[in-house]
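Only one chain is given next, in C-alpha cells, and it is the form predicted alone.
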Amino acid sequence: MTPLQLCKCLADETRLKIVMRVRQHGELCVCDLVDTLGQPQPTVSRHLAQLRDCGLLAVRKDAQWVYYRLHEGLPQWAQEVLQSLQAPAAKQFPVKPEQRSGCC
C-alpha cells in the first residue's frame, strides 16, 4: 500500500466512517455498520468491498454473519495515519454506543 492508495481509499466519507468505526470497535458485522451509518445494506457492502480490495479491511465469516476488521498486514505508517485520524473523525462523525444493533 502506498500513501496515495490509502488516501484514495479514505477519500469517501462513508469509507472513512467505516474504517474509523472498525478501528474503534476492533471488528464489526455488516448489520452494525448499516445501523450506525444509516445507509442501505447494498451501499455499505459496496464500500466494504472497495476497502477490502484496497487492503484496508479483512473479513471473517461466521455462519451467515460477515465481520470486518483492519487488515493485519497494514504497514505501520498506515496504522499511525489511521490512529491520528481517529479523534478528529470521532468528533466529526459521533456515534452513540446504543446505535450498534448487536444483531449478530
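Just so we're clear, the structure is a prediction, and the values are computed from it rather than from any experiment. Start at 1 with the first residue shown and count on from there.
Separately, the form predicted in complex with the DNA exists; it is not shown, and the next lines address it.
S.K.: In the predicted bound form, does residue 78 come within 4.5 Å of the DNA, counting heavy atoms only?
M.R.: No.
S.K.: Just checking whether residue 73 would be counted as a contact of the DNA in the predicted bound form - the rule being heavy atoms within 4.5 angstroms.
M.R.: Heavy-atom contact with the DNA at 4.5 Å: absent for residue 73.
S.K.: Find out whether any non-hydrogen atom of residue 52 is located within 4.5 angstroms of the DNA in the predicted bound form, and reply yes or no.
M.R.: Flag for residue 52 set to yes.
S.K.: Although the DNA is absent from this view, report whether residue 26 comes within 4.5 Å of it in the predicted bound form, heavy atoms only.
M.R.: Outside the cut-off, so no.
S.K.: Residues 40, 45 and 68 are flagged as a possible site; in the predicted bound form, is every one of them within 4.5 Å of the DNA by some non-hydrogen atom?
M.R.: All three within 4.5 Å in the predicted bound form.
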